[in-house]
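Okay, so here's just one chain, in structure tokens, the form predicted alone.
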Amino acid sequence: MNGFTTKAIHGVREPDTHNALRPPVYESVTFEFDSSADLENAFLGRKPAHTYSRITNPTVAEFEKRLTYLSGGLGTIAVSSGMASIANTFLSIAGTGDNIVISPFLFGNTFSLLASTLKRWGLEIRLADFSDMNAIEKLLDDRTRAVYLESITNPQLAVYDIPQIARIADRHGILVILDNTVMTPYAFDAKAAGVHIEVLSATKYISGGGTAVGGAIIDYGTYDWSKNPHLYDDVKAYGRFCFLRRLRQEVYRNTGACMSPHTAYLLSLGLETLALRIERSFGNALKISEYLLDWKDVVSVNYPGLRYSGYRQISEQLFDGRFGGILTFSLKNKEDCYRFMDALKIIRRATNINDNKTLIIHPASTIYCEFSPEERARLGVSDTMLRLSAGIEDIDDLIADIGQALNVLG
């Protein structure tokens, strides 16, 4: 099997007593063992077994196996949300006095986690212009634990030369972590680009339809963990599985960021139609972007697939001619943004990405509402910006809805 969707549907098969085409949902907290010795061996990790669903669960394990298979990873750990995937990863690889190099163009909650929450625990955040390779390299030192970036930044929609950034980090023996939520393993092969760890909000494209909140951490097995002092001893015992083992047996277990079995079941279903939904969503986003260019009330349109975009060339190289399902555009003022949003009849005013439905928000007053005007300016979020996440509706209906709402402004 070579095709993504074929592998998503047929690639992971576990024996089932009743030969059901869909495995059952194991909504059980705990699991019984034949003997006390078996129970002890399971807790000590000597015998593969499910002991408690906060640590492992058969339904969650199946979702993890599917995602590992589709991404070509060494292993996957599914967690309760996309933010949990990011937090658990950093808690596993860094400590007080360490630093992480990031772009200021990050999802708002991610930036807050790093610059506020983890900062209070002694983690230093170093900001770099990720379009300037020298600027990144100058910030790397022996306390740098990772370079962290997004495949397409949300909502700034910047696209950086990920393979080049990975090569610079690799020269210094530094881990590369990529949030690949907006492209997913279907639209971007992070491993081939030199990424070591991929984090995902499975709530978005993998879920489809906004049915479940979840996240995932994929370890590609390509990093030399002996270069990280926090995992040095684990390398001796567990080799290249040491990061996954640290997550499963300590950080993930102790923080309680587990995914529910029902969520895992829904996300496994979402994987089966992921490629189909992405192609429709991405195609709709490009057509909407091009349509908006012709309106006088639209001050600017930002989408990596537009011909004039400074990110089109690198996007074509990285994503095989795909440009994502998110676009932003600016109107004359905040009042026009609100009038436009309120006039929409099909497109929904809600925050998420790829909810099957097309969604729109005003980022400055929603996901960036806690940031000061100066901080929002630094993060590239203005009061005149709208973010639209293209769904999978018929494009003619979406275009008509946008047109009638823009006519309200005229």
Ligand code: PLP
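Residue numbers run from 1 along the displayed sequence. All values derive from a computational prediction rather than experimental measurement.
Same protein, other form: the form predicted in complex with ligand PLP, not shown, and the subject of what follows.
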Report whether the minimum heavy atom distance between Tyr186 and ligand PLP in the model of the complex is within 4.5 Å. no
Test of understanding: in the model of the complex, would Phe111 fall inside 4.5 Å of ligand PLP by heavy atoms? no
4.5 Å heavy atom contact, Gly214 to ligand PLP in the model of the complex: yes
Quick check on Glu198: any heavy atom within 4.5 Å of ligand PLP in the model of the complex? no
Among the candidate stretches 80-88, 277-285, 249-257, 188-196, which one is within 4.5 Å of ligand PLP in the model of the complex when only heavy atoms are counted? 80-88
Taking 4.5 Å between heavy atoms as the contact cutoff, choose which of Phe340, Tyr160, Phe107, Tyr220 touches ligand PLP in the model of the complex. Phe107
Which residues in 164-181 have a heavy atom within 4.5 Å of ligand PLP in the model of the complex? Asp179, Thr181
